[in-house]
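One chain comes next, on its own, written as structure tokens: the form predicted on its own.
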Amino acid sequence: MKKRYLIGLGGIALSGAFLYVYQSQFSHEPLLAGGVPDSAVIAHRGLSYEAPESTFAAYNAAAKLKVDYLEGDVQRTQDGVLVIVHDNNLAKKSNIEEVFPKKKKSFIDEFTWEELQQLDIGSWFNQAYPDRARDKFVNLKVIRLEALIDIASKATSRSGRPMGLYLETKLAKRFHQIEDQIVDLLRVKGFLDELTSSYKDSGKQPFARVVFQSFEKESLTRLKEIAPQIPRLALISSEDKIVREPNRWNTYLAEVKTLAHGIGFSSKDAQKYLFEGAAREGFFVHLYTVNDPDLFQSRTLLGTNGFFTDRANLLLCYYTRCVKPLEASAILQKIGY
């Protein structure tokens, strides 16, 4: 097993001189079920510890870090535009109360694309995290799925593979046939090919450029029907008792075995039998949302195959993929923030 190096939070946060370890072997990380790289670095809503989530700032910073996957939640506007928004509404993370006071708790599909573009989804971050505030976060906008695809299409991961997308069908039951619309757009953009032509020509092993994820079995079922070649992750909420009852856990795994290649659950629910059951049934496991190097280490020892993280720079260093200092603030400044 490849040796891992634990980088302390204090040293990363406070020191201007960093020691990073480079391993040329990282390009040979094994691939799991569906062609998903092991030890996956999944930028949860972008580099969202350092910049407002699901914005150009967060995603472009994560792309500069050369993560494996850019993660996002896909919803749809009233006029049919696929957008990247996590929350059911924008009450907490926008100025919607000022712009649309009567609709502050309305769902995303109750707004047109033009209406969403009137909202500032960056200033809340400055107010919540003054130590990470930046003037250029003010008036950041909701982005389309198409824009996220474009960011990934121009980037590569530190393994040398093209950068991937990790997409959740958010509230899928609310958005009729959203799976079909997502797949159609990815197909038009060339993201449903197993490999880009340049990577394929190199003779390297195929890998998954896109991973779908959902809490809803119906959505996973539809995704399997229309894009069976794309791996799928079954998400489990911490509120679901199956992660705390071994018998129900084994029953659940048997139920989703034909629908998913991987299982995703909260790091705080991590117990040995969850990983053992998943491995026995051939699933890979990705945990959410992990930002602490101590947890990277302990959860890896339990058997996780990668993490959703707001702090991709720390996870890259834990996986010994730091080629040069990756100070997040410097990257944001470099890309114009």
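Please read all numbers here as calculations on a predicted model, not as lab measurements. From 1 onward, residues are counted along the sequence shown.
Here the subject shifts to the form predicted together with ligand G3P, a form of this protein not shown in this document.
Novice: Using a 4.5 Å cut on heavy atoms, which of Arg161, Lys170, Arg76, His261 is close to ligand G3P in the model of the complex?
Specialist: It is Lys170 that has a heavy atom within 4.5 Å of the partner.
Novice: Answer with one of Phe100, Phe107, Phe215, Phe191: the residue that has a non-hydrogen atom within 4.5 Å of ligand G3P in the model of the complex.
Specialist: Only one listed residue qualifies here, and that residue is Phe215.
Novice: Check His86 for me: does it contact ligand G3P in the model of the complex (non-hydrogen atoms, 4.5 angstroms)?
Specialist: Residue-level check for His86: yes, a contact with ligand G3P.
Novice: When the contact criterion is heavy atoms within 4.5 Å, does Phe308 count as touching ligand G3P in the model of the complex?
Specialist: Yes, Phe308 sits close enough to ligand G3P in the model of the complex that at least one of its heavy atoms falls within 4.5 Å.
Novice: Does ligand G3P get within 4.5 angstroms of any non-hydrogen atom of Ile242 in the model of the complex?
Specialist: Although ligand G3P is absent here, Ile242 would stay clear of it in the model of the complex, with no heavy atoms inside 4.5 Å.
Novice: Please determine whether Tyr288 contacts ligand G3P in the model of the complex, using a 4.5 Å cut-off between heavy atoms.
Specialist: Taking the distances in the model of the complex, the answer for Tyr288 is yes, it comes within 4.5 Å of ligand G3P.
Novice: So which stretch, 267-275, 65-73, 33-41, 298-306, is the one near ligand G3P in the model of the complex (non-hydrogen atoms, 4.5 Å)?
Specialist: Only one stretch passes the 4.5 Å heavy-atom test: 65-73.
Novice: Mind listing which residues of 227-246 have a heavy atom within 4.5 Å of ligand G3P in the model of the complex?
Specialist: Contacting residue: only Leu235.
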